[in-house]
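Below you will find one chain, with nothing else, as structure tokens; this is the form predicted alone, and questions on how it binds or moves follow later.
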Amino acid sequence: MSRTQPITEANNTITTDIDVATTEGIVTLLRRCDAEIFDGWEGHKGLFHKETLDKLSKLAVLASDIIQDTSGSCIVLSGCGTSGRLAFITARSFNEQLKKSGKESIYDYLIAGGDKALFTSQEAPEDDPHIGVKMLCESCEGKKKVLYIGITCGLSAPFVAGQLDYCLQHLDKFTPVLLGFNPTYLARNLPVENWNKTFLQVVKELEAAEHAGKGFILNPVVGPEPITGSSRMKSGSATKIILEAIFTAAHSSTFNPEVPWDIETHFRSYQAIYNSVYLHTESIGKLVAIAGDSLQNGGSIFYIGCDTLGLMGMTDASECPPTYGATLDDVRGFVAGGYHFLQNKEGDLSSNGKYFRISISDFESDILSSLTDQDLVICLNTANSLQSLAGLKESRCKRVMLTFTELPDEHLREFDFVLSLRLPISDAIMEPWRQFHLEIATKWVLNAVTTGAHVLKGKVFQNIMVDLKVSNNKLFHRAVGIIEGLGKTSKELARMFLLRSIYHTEHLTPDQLEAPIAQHIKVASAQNRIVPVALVAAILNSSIENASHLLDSKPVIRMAILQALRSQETNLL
């Protein structure tokens, strides 16, 4: 029987109890979920399916042709949110390799919302196909041959749909590629505002183009996310692995044809990295506990790193607000060299405010002196830049090092905890590609750290993120749906619990009851924990005040409920 819910938005049964697991247990559940990237899910075609391998090999040949003859040609990678950030990181990495080989840059990235979206969520442009088309046309102006890869994990982003549609109308110039992780029949089939197509209709047209040899659909299924709908995790990892598979093979066949390198070998090498990372489940769990303690006590997590591992930290940090309703101060990332190292198209964005100040020197000037014992600084393999952080050892903050190399004892003594990973990176793999393995290992660790920390802070119920900000009409209705579904109550009663939580009262006034949603949003948007409090009250049929007190003592929702039920049983006895 065909599914109706997209797999990328489904609940993963593996992690149903992630909110009540130990920190080591959280990492164990994430390990089991990430295994599905390589093992496949419920019989669907996965990374190692022959069709997937064949398509990727063909795309590597097309990319190699462009690399060998760059005149009038380019490769464009595009996406929203995490997908757009991975497009940026991939384009940047392979342009660097071209420069080292004496070739001009041919890779470009497009991200909905422009370069600001590399650091903060920019939701409105993601829903606009016309903006997507405009950005694509600007990127490809004057080009005669374009390999375009649109990344949308759920086959749903209108920004990408518009670009694919434009490519399909200009197949003499574009080879359109769709990369996502749902079967095509589960592509979003909802109307797009101010547009005349759905994503599913675009997919059907692309299927016809693929049948004619003029396009590609890459959609291996890697299973539901560990936190429902959080495509930054498995889908993000699979995106990175696939893009690097295509272009590693293309660059290898172009510049090092004597070194055999195929797509399946590439995937196996990443699988070996996965296995090696999760051999350290206990140690990663200890790091999750440290991070969770910081967030629960009002502290922040700061990543500081040099080279592309710093980019992985920045990316992980940027994903926490839209995923967990975190503030922009909860998790931040900094990289040595800042924008000079990033080489992003729009250049230095630091004039846009403190959240766009991203260099280690910015960290030193803006943050270092104000760190408290509740804050956590995670250094990402930064042995070469420790001298520039001399002030860190004088700070009261907790200091952690994630490293892949042997460090002198004098460096190790400067940290409260060191997570040292030894990876099975073969000497046969050339240096540029070794860095990709370090990046994916860093991604898996950091995803575990911030996921686990936010679980410990009470952001999820089972494996569903519930502590969302009620900051717009869509999120108001989503909050009602969460309370209705998880609280097993009617929609009307769920709405009443939500309003009681928003206004901190058991007795709503007529004005509050009759106020438009916009008024409720105005009151709620500046508040924290609105939905968790309402949900606990709904499940226990208790007062808002009692639910709030319960979460003060037990931030994890199910633990708070269990404590209340045990207390009730004791009172009955």
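Throughout, rigid core stands for the largest set of C-alpha atoms superposing within 1.5 Å between the two forms. On a predicted model such as this, the values are computed, not experimentally measured, just so you know. In case it trips you up, residue 1 is the first one in the sequence shown, and so on.
The protein also exists as the form predicted in complex with a small molecule; that form is not presented, and the subsequent description refers to it.
When contacts are defined as a non-hydrogen atom within 4.5 Å, none of Thr15, Asp34 and Val222 contacts the small molecule in the predicted bound form. Put simply, Glu123 is close to the small molecule in the predicted bound form: some heavy atom of it is within 4.5 Å. In the predicted bound form, the small molecule sits within 4.5 Å of a heavy atom of Ser83. Contact check for Gly337: every heavy atom lies farther than 4.5 Å from the small molecule in the predicted bound form.
Of the heavy atoms in Thr451, none are within 4.5 Å of the small molecule in the predicted bound form.
The partner is absent here, but in the predicted bound form a heavy atom of Gly154, alone among Gly487, Gly154, Gly299, Gly114, sits within 4.5 Å of the small molecule. Residue in contact with the small molecule in the predicted bound form (any heavy atom within 4.5 Å), chosen from Ser501, Ser230, Asn463, Ser294: Ser230.
Heavy atoms within 4.5 Å of the small molecule in the predicted bound form are found in exactly one of 156-164, 97-105, 329-337, 436-444, that being 156-164. A movement of the C-alpha atom of Leu468 reaching 2 angstroms or beyond is seen between the shown form and the other one when the two forms are aligned on their rigid core.
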